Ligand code: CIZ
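Coming up is one lone chain in structure tokens, specifically the form predicted on its own.
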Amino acid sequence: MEPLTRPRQTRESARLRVIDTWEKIKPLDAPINGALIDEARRLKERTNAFVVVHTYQRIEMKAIADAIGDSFALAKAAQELPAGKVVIHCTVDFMAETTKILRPDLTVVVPSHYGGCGLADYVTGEQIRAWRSSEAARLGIPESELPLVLYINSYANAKAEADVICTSSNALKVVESLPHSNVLFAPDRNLYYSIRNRTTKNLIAWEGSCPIHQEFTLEMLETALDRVERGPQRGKIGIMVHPECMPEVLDCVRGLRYVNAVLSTGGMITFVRAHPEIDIWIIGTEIGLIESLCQEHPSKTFLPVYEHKSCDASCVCPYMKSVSIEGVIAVLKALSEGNVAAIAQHGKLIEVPEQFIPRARIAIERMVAVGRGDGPTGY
């Protein structure tokens, strides 16, 4: 029998799903249509909808947003909305589920049929129950003494099995908040690696990974750095990568002589603001964050780690980019007409089974209570 820590999907199958999804959605280089942005804004005002947008999202999505942020920021934004609000989640399904768990009274819609997550697909609630039972027996302790810290990149059925949720911004802080010496950590093994030497806890990791960040290799990082060092641009260099990147990438970055950090998406934005002396940034994460930084700091240069690679679609998240301005408009029109069937035609009306909500909500609320963990060293 295969080890319980080995998920059903493989890294290669997750990667192939990413590439396949790209073939089904609007091209990344499609021109931005200002008229469509204006139409979306008018419909949003007419329907009184609240639009939340992840930092990785397309530029036109950010132009119509009421809230922009990473997973942690969007989870907090959900808690503060007035009762009965309609939320258009320009994110992916697990993020929209998080809002619905925290606020079942809200109507939550993802304007896409492809808002999955290659990392969230690595683990289910059923697998977690079996894993906890197996590991507790191996350690000779009660299951109640083996808590699970679950990354927010997971679905509701898995969150319902967690003791506390974490994000990449506060994973270490969440782990340290627990009184137990043994802690299960799922599903991202790379995020686990990024914190394992910073805690005294015995962390036991699941074998999942983000198929996007998994594509950022040490060779890409070294090539990007070499091109910048040898290139015509002059100025101080800084490097940041996401903790979902592979261990060798994380180790390399932390050993560089340049200003460097391993940070969440929100942490990267804050880190750039804290280092106005840096002229050129090399960044290892999804391109949407880099686009946001370019807009905020037009005088600086931001380069993706993979810029000098002939990168296929696997380097950019198609699940996030599956949301288009056309899809948002179609959903808003359906809302304005009260046509629920049309909403389902153009997007996904998010529902979370009632049996998952109470336990999942407790785990998410514990995460929010712990707070962010981004600091000058990345946590």
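Nothing here was measured: the structure is a model prediction, and the numbers come from that model. Numbers for residues come from their place in the sequence shown, where the first is 1.
This protein has a second form, the form predicted together with the named molecule, left out of what is shown; the following refers to that one.
Colleague: With heavy atoms only and a cut-off of 4.5 Å, decide whether Phe50 touches the named molecule in the predicted bound form.
Modeller: Looking in the predicted bound form, residue contacts with the named molecule do not include Phe50, since no heavy atom lies within 4.5 Å.
Colleague: Is there a heavy atom of His242 no more than 4.5 Å from a heavy atom of the named molecule in the predicted bound form?
Modeller: Yes - in the predicted bound form, heavy atoms of His242 and the named molecule come within 4.5 Å of each other.
Colleague: Spell out, yes or no, whether the shortest heavy atom distance between Asp70 and the named molecule in the predicted bound form is within 4.5 Å.
Modeller: Asp70: contacts the named molecule in the predicted bound form.
Colleague: At the 4.5 Å heavy atom threshold, is Asn153 in contact with the named molecule in the predicted bound form?
Modeller: Contact check for Asn153: yes, within 4.5 Å of the named molecule in the predicted bound form.
Colleague: Identify which of Thr265, Asn260, Ser209, Thr99 has a heavy atom within 4.5 Å of the named molecule in the predicted bound form; exactly one of them does.
Modeller: Filtering the options by heavy-atom distance leaves Thr265.
Colleague: Looking at Met95, Ala171, Ile88, Val123, which is the one with a non-hydrogen atom within 4.5 Å of the named molecule in the predicted bound form?
Modeller: Flagged contact: Met95.
Colleague: Which single stretch, out of 294-302, 70-78, 105-113, 215-223, brings residue heavy atoms within 4.5 Å of the named molecule in the predicted bound form?
Modeller: It is the stretch 70-78.
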